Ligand code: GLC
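Take a look at this one chain, the form predicted on its own, written out in structure tokens.
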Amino acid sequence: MTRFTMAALPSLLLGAAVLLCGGVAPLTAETPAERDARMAWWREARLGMFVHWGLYSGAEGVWDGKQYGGGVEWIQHYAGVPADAYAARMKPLFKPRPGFAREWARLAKEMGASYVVFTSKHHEGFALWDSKVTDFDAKDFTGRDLFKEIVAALRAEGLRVGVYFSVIDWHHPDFLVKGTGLPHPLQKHPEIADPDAGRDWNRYVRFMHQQAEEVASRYGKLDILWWDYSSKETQGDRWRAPELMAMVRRHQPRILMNNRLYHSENVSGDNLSIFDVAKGDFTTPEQHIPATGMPGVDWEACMTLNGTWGWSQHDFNWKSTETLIRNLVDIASKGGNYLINAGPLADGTIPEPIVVRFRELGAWMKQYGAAIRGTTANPVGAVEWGRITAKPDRLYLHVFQWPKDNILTVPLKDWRAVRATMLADPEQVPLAVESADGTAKITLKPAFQNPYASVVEVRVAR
């Protein structure tokens, strides 16, 4: 996972009018209605689980006694470890338990997620599937196709399957060290006069395409391909991105892809609403929530539960359950999805602090999920007491700050409140509502106050 945030480039006509290299036919143009149909499940989901797991999980954020912070899945780069030395140390530590994938899937289901995105290969280059173009994969030294196990477990729980795929590969002998704007562990070794001697970029890109096609073609229907990542110097055509995306779409016609095969100079702000053809279906602001959302753009905020994506033995700065729930509500109220990360141990075990918080989030979703799934952004404007999500005939008022007098003031613009209830009330007894001048005053019931976010459902009409 990179700390960069890519530009928002969802496509209306993915691959239309693009001249592809390598003899690959252009993608068939989509109408807006066809694209909407393909995006529909993702727009309704609102909540997903990210899983960062690979050889780096065994390092646990420590190398030769030194602790590393930030994204510890980058530890090979941070510590400047050559590929062979890294592989030799990390392979013996990676021992997946039987049934780990089933536990992931059940936890994702319990937390209320609709989809899971897992790291099939991170920047270290280690593949979870049985790759035919390298022996640096799970099957060659564990005897198991871990990709297959994970996909089967997710499908068994009725979850959508998302696959993270790094186009960076520090293990491959042709991945360039210099001049790409991309990280490489050998950049930490200035004593190497020419670390790129003998490396062939085109040969590397062909290898990367072969691996991507293995993933796209051998494991049945996939729902998301989550690319990672590009720089200003290395993006788009340098990856042969149109050809790569067209190949994936041939194998997976309904798949969704993010836009990280392309780079944006605006990597940290909220103005990520660049709209371009053929560069991806959704954008992925990382570790932050755009202040006003991203109107007109499909977006997904991906965030860690502590300060790192991979498992760290020394980072215990866990977000609270309240923060997770309120982040989810905030993101949904702005029309986005929330992809929350779990970093399992090397044996596949998800640490208990993550399990506890995900289960608490799931308990809230079990009661209030209707106010998240299938909703759209707040149509009436910001409120001081919380957030608002919407469906065509109703508003959901997410109350973070309970009013002292139990009376909630709600701007309705040109709607009128037909009926209001506490979503947690099993009897759905109507609340008292007074409306005047485009504003409603709703008398809440303290018995249904939730410590994280209480929800009022308001049926509205024009």
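All residue numbers refer to positions in the sequence shown, first residue = 1. Just so we're clear, the structure is a prediction, and the values are computed from it rather than from any experiment.
Not pictured, yet referred to below: the form predicted together with the ligand.
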statement: Which of 302 to 310, 79 to 87, 234 to 242, 187 to 195 lies within 4.5 Å of the ligand in the model of the complex, heavy atoms considered? The stretch 302 to 310
task: Determine whether any heavy atom of F50 comes within 4.5 Å of a heavy atom of the ligand in the model of the complex, and answer yes or no.
output: yes
message: Given that the ligand is not shown alongside this chain, does W226 nevertheless sit within 4.5 Å of it in the model of the complex, heavy atom to heavy atom?
response: yes
message: Quick check on H123: any heavy atom within 4.5 Å of the ligand in the model of the complex?
response: yes
- prompt: Is there a heavy atom of W318 no more than 4.5 Å from a heavy atom of the ligand in the model of the complex?
  reply: no
query: Exactly one of F100, Y219, F136, Y164 has a non-hydrogen atom within 4.5 Å of the ligand in the model of the complex; which residue is it?
result: Y164
message: If the cut-off is 4.5 angstroms on heavy atoms, which of these, D174, E149, D281, E286, is the one near the ligand in the model of the complex?
response: E286
- prompt: So which bits of 51 to 84 sit within 4.5 Å of the ligand in the model of the complex, heavy atoms only?
  reply: H52, E73, W74
